[in-house]
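The data below hold one chain only, encoded as structure tokens and taken in the form predicted on its own.
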Amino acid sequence: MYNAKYIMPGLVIFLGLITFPLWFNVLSCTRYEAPKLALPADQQECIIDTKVMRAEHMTLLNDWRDKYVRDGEVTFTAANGKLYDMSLMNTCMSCHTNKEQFCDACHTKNSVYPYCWECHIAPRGNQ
């Protein structure tokens, strides 16, 4: 092999650099901890199961937006048969009244910056 004395160290350095994020995270032992959310005290259930809502709320909100704006649908039927308004402000934020303690706690931790509040007015809890 031509120039093996240069290629092999170069490959080792390349593999070390490209895998650096993986082994750095393993060796640093930093674990992700989910933020503690301020849940509404007076509500017993969400419109969808909590696990599904955590994973799919962005899809649900986009779906609601499209159905509301494009198709004129205003009502969401939950799995238990209850009807809810397809409204971020009137349905979601009526229970989760403090954006900083609910939305921002997760979005900031995960470096996600949704554009919901560019159009909607952010609730400020009891202020």
Partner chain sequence: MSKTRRDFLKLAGACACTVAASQLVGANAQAADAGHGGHAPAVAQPANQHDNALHGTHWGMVIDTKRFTDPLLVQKCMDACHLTHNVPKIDGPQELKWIWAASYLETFTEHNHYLPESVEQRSFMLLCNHCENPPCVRVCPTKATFKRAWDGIVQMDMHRCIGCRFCMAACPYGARSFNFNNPRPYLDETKMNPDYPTRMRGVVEKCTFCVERLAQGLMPACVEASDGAILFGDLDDPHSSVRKALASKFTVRRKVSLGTEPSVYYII
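Numbering follows the first chain given and starts at 1. Remember, it's a predicted structure, so these values are computed and weren't measured experimentally.
FYI, the form predicted in complex with the partner chain isn't displayed, but the following is about it.
Residues 85, 89 and 118 are flagged as a possible site; in the predicted complex, is every one of them within 4.5 Å of the partner chain by some non-hydrogen atom? Contact check passed for all of 85, 89 and 118.
Which among 52-60, 72-80, 22-30, 39-47 is in contact with the partner chain in the predicted complex, heavy atoms within 4.5 angstroms? Partner-contacting stretch among the options: 72-80.
Taking heavy atoms only, is residue 68 within 4.5 angstroms of the partner chain in the predicted complex? Because a heavy atom of residue 68 falls inside 4.5 Å of the partner chain in the predicted complex, the answer is yes.
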